[in-house]
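Given next, in structure tokens, is a single chain: the form predicted on its own.
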């Protein structure tokens, strides 16, 4: 009997242990009984969830395509927090039987709603709870870890270093990441940019970190690559493929 293969892990956020309140369950049953095709759902918590289901679906197909097309290089993420995206990346690597190595870069100084907890320890524990190989962690400011600790070749990059602060300061951080990884990205490699919102696309996602778009406007004005916006529901992201 063949083993059942599925990618349902896309729907499973690491910290999604919240129980649906009884009042919501009762209300949803009443709505259904009344014949309406609606349901009350918990909204995304931008400081804990870090991504939407739609974004996770995008990640699955983009990273799987990179692996299937034998794009040279390793997997990198710049700004990983507690590993909500990184764990998905490792699961996708395992799903595709890929030997590519996941490299994470973060100072682990930003706590968001985790107050005085050790974010790096939470990330490592999250990987272990999922029975996943702990990735290569590069702890420190990007100015300390880039470019010296980057892999020689990059097949996939995820830039997610939003902090909700000054957009021009954030722009410089994203620019620094792009400037350091661009030449190491191999032909066909992909970089996903979290929180990229282009107003011209009528993107419904929250423009919570406009510095991403500002950085890309500057960086790609003399580059052949094109930024492609991706639907992410409440939050947005985009990608470019290295030519």
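The model shown is predicted, which means the values in this text are computed figures rather than measured ones. Residue numbers count along the first chain shown, from 1.
Same protein, other form: the form predicted in complex with a small molecule, not shown, and the subject of what follows.
For residue 101, no non-hydrogen atom is located within 4.5 Å of the small molecule in the model of the complex, even though that partner is not displayed. By the criterion of a heavy atom within 4.5 Å, residue 75 is excluded from the residues contacting the small molecule in the model of the complex. At least one heavy atom of residue 50 is located within 4.5 Å of the small molecule in the model of the complex. Proximity of residue 90 to the small molecule in the model of the complex falls outside the 4.5 Å heavy atom cutoff. Against the small molecule in the model of the complex, the set 136, 150 and 186 makes no contact: no member has a heavy atom within 4.5 Å. Note that among 67 to 75, 127 to 135, 161 to 169, 91 to 99, the stretch whose heavy atoms approach the small molecule to within 4.5 Å in the model of the complex is 161 to 169.
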